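So this first bit is one chain, no partners, the form predicted alone, shown in structure tokens.
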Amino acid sequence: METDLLIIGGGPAGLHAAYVAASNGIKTIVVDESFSLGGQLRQQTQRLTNLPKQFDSQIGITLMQTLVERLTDLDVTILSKHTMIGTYKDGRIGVSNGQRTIPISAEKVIVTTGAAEEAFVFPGWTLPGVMTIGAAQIVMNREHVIPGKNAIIIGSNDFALEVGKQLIENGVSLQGVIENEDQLIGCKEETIQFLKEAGVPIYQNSYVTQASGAGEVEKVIINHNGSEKEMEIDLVCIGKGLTPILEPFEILSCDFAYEKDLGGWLPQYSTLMETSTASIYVAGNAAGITNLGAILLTAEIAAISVAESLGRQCKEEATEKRELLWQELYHLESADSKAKFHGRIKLMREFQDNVDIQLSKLFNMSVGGV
């Protein structure tokens, strides 16, 4: 197959990048390993408020439908249940559905593979009934199955507590939130208030010492401020956080950098969202763990950069659009944590010495000239 643009990953970043690119007359192929598009949006029933100004506040499932449906009349080919498995010596990328491999020749590539959930490891963590917080959401909202009766959540990030709220709304008795720090990490006040009003105890300075049971989780022992407490639990949801998925960038010979505030190791990239490997771009959580609004904005920046590189947008128009998008990204991301945007600019500056003049002014105003 031949195409102007290959997008690896059919989540929100990949779908939005495909729309922006194809709207500029760019022939696009989207590859995704799942049977359907949308990524984590497919099971998100919570209302999303941190979206770019072009999107109204809406639940994740509705946004997913919008992102998919608007590709219908555009020159976009979808290869679901396909995975990128390698590259050929001539630069083509091989994608496979497990039975056949398709070599794809693409002028440009945007990698939007997102992030993977991390896990806490403790005795009994492999027992049935122990799952990531994202898995619990999939079971509830996509498979319509209640994953347990009595649950605890390990970790207190905003996503974990939002799913905790959904567990309660689906009739699960949430017996507690376990956080090993002395404060809750990055959580919305309204979600915390909901849990408190529901009578959910929050154990700070605590950790799970063991999960046990006959073939599945039945009991959990936690250490709370030095004292052990045994709980009758059949569902343990791990909400440690996310880390960028890096394998495609390793295959594509991209350079990496470590930035703690963006989730750890990630590919180096410029203000164009282009990596160290020419014509390979990154967007979404693969460019640093962030909120959904920023995921969509980085995808649009990457797609505009591709359009400029392919001659579908003039340099002046592309530069102006990118500047506006970076400004919006700054406001959206800074609402969560200025450290995240600060880390993003630091990473780009270390990689790209000649940052665009307009963006340089914005960065100086935004993060104190880092």
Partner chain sequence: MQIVNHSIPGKKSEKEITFSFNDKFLKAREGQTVAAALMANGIKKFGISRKLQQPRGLFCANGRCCSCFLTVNGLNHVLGCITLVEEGMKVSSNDADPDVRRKANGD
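All of these numbers come straight from a predicted model, not from anything done at the bench. Positions refer to the first chain, counted from 1.
Quick note: we don't show the form predicted in complex with the partner chain, though the next part is all about it.
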Could you tell me if I61 has a non-hydrogen atom within 4.5 Å of the partner chain in the predicted complex? yes
Might E308 be said to contact the partner chain in the predicted complex, defining contact as any heavy atom within 4.5 Å? no
With the cut-off set at 4.5 Å between non-hydrogen atoms, does T132 touch the partner chain in the predicted complex? yes
Does the partner chain get within 4.5 angstroms of any non-hydrogen atom of I85 in the predicted complex? no
Since the chain is shown here on its own, which stretch among 252-260, 117-125, 277-285, 200-208 would lie within 4.5 Å of the partner chain in the predicted complex, judged by heavy atoms? 117-125
Here the chain is shown alone; which of I192, L174, M140, I104 has a heavy atom within 4.5 Å of the partner chain in the predicted complex? M140
Heavy atom within 4.5 Å of the partner chain in the predicted complex - residue from V163, I238, I222, A151: I238
Could you pull out the residues of 30-48 that have any heavy atom within 4.5 Å of the partner chain in the predicted complex? E33, F35, Q40, T45
